[in-house]
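Form predicted on its own, single chain, as structure tokens, below.
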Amino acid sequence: MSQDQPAAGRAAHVSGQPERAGPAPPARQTLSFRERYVPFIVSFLSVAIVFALIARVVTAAEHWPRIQLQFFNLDAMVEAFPAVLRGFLRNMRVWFVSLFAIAIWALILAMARSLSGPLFAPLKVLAILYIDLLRGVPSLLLVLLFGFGVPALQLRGLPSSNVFWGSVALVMGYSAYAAEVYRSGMEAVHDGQRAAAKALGLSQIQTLRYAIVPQAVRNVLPALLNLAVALQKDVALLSVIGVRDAVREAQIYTARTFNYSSLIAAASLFLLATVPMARLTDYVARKDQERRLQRTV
């Protein structure tokens, strides 16, 4: 045995006991069938009973047959569904493109606001003004201003599509919120990370790129997913500027038949998209919490 081996290691070797590198990880607890499934069954039955009581009260109302005919007519839903589905697919395309643009533009804004020093002062001031102004204007007003105002200017070289400018309005509005989410994640990173990067000779932009931003994105991913869920619904605001999305197609059917069941069909499609996204957000948040707990053990 070598002379430079630690005394504790030599003692363990002499006594015949294995060396311990550190505390053993906590054993994973296994839940019994009752502990795992009984709370879920009780919760499910409780919710089912509550909704059954609400349905009983609503259907017992005097004017329920008329409401059912106007809002929950299955034949009208089936008739309006193809057009509503085409509009909903347009909603999803706008949502996906806008989500990608928001993720990039908001990160640029957050990085600009996190820079310090006189050289980056103009960028920081512009980012602060942008975030404060865009967060203070409702998304509906932004959609109206961009959807009607910019095409009316007839600027050369710019598209006049209401879908394009409505998407730009959503990107600009939501990027202000997402930038603040990014910034909160950056501020949550320990200051020692910046000090270590500075000691290595990295510039501010390199520090943000290689040290701060990757950790910040992991910290705020659940919050970003919540914004994605909200954006998925707010894409329907484009219907106010004439975009034939799911809501607009439902309104066209309602104006032609005086039946509102098409709106229920559109709402059902949005629920089919948003509920899985919400569950994914909860799953990511739970995994993030488990990761933090394991880090503190």
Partner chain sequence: MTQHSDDSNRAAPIPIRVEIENLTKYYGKTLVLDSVNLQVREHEVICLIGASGSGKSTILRCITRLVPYDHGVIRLDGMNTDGASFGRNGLAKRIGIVFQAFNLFPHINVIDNITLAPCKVHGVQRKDAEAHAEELLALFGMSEFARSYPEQLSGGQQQRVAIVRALATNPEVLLLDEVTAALDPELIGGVLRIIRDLRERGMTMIIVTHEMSFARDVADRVCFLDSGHILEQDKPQKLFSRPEHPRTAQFLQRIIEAGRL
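Here the structure is a predicted model, which is why all the values come from computation and not from measurement. Positions refer to the first chain, counted from 1.
Beyond the structure shown, there is the form predicted in complex with the partner chain, which is absent from this document and is the topic of what follows.
Could you tell me if residue 214 has a non-hydrogen atom within 4.5 Å of the partner chain in the model of the complex?
Yes.
Within 4.5 Å, heavy atoms only: does residue 163 come near the partner chain in the model of the complex?
Taking the distances in the model of the complex, the answer for residue 163 is no, it never comes within 4.5 Å of the partner chain.
Using 4.5 Å between non-hydrogen atoms, is residue 141 touching the partner chain in the model of the complex?
It does not: once the partner chain is placed as it appears in the model of the complex, residue 141 has no heavy atom within 4.5 Å of it.
Determine whether any heavy atom of residue 184 comes within 4.5 Å of a heavy atom of the partner chain in the model of the complex, and answer yes or no.
Result no; residue 184 lies far from the partner chain in the model of the complex.
Let me know the one among 159, 201, 149, 82 whose heavy atoms come within 4.5 Å of the partner chain in the model of the complex, would you?
Partner contact (heavy atom, 4.5 Å) among the options: 201.
Answer with one of 125, 195, 74, 205: the residue that has a non-hydrogen atom within 4.5 Å of the partner chain in the model of the complex.
Looking at 125, 195, 74, 205 one by one, just 195 meets the 4.5 Å heavy-atom criterion.
Okay, which stretch from 215-223, 102-110, 169-177, 85-93 lines the partner chain in the model of the complex, with non-hydrogen atoms inside 4.5 Å?
Result of the contact check: 215-223.
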